[in-house]
Ligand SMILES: Nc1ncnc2c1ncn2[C@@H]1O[C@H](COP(=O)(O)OP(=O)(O)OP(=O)(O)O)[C@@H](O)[C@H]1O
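Just the one chain here, laid out as structure tokens, in the form predicted alone.
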Amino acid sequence: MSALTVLKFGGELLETDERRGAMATAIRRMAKRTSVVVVHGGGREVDADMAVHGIEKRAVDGLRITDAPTLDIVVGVLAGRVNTRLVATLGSIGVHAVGLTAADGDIASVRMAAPYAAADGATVDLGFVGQPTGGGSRLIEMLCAAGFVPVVASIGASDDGQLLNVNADTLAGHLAASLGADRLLIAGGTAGVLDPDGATIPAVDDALMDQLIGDGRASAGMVAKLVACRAAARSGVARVDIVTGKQTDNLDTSAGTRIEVPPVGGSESTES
């Protein structure tokens, strides 16, 4: 397979026609240089639908606690509106995109997540939340080889067919590792990981990541991004970056935060 980038971005970058068009153009530009697999979120649109239905949002470390009513909304928003609108926008500018979820073609095998050990020490039942455990790369490889851009909504299914909400950062990190991607690029609303003064931290290693998560300097959403990035880097993804998704003219060359975590088994690995 040729060079491959897994690109993840949050739903806030897709909320208007203008933003969605800019992101689609950035994807088209990237796809001329490398195969691209897109993973997207849509949390703010999910939040809005939940508010309409009188459902309170609950989350821990950026992970949405998902009961049955919340799951119905998550599936409808992510696998329905957000995914289909983006695929349609990409098609309108000549990108052959295919809308998928993690449940399609065994892209990612998913199990119900175990109780979560939060950064503050609490143990939390996440409900209908999925943890990627494996999966096959054949469908993604076939689509990329044929010139398509897979656009993956972060919904999975357990072995017994139960739909599960998968954190989009977690899914992106998992796919980057399982596909043997050359790069994981997570584009969000900030210019990477920020210090207390709002300046971008250019690089984060294992030790600094533990500090940022442990002392609360990393926001809830950033915790999920950091953990996903570390998992991808440890699995051998050569380049992992967190950048702003608001500068789409040069999305894949934007200055942001490089995750400098060695692969497990490498000469610099800190794993025991």
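Here the structure is a predicted model, which is why all the values come from computation and not from measurement. So that there is no doubt, residue numbering starts at 1 and follows the sequence shown.
Beyond what is shown, the protein has a form predicted in complex with the ligand; the following relates to that form.
Arg217 belongs to the set of residues with a heavy atom inside 4.5 Å of the ligand in the model of the complex. By the criterion of a heavy atom within 4.5 Å, Gly135 is excluded from the residues contacting the ligand in the model of the complex.
Though the partner is left out of this view, Gly256 does not reach within 4.5 Å of the ligand in the model of the complex, counting heavy atoms only.
At the 4.5 Å threshold, heavy atoms of Val98 stay clear of the ligand in the model of the complex, well away from it. Figure note: of the listed segments 232 to 240, 65 to 73, 202 to 210, 38 to 46, the one touching the ligand in the model of the complex, with heavy atoms no more than 4.5 Å away, is 38 to 46.
Only one of Val193, Ala102, Leu184, Leu90 comes within 4.5 Å of the ligand in the model of the complex through a heavy atom, and that residue is Val193. Residues of 144 to 176 that come within 4.5 Å of the ligand in the model of the complex, judged by any heavy atom, are Ala168, Asp169 in sequence order.
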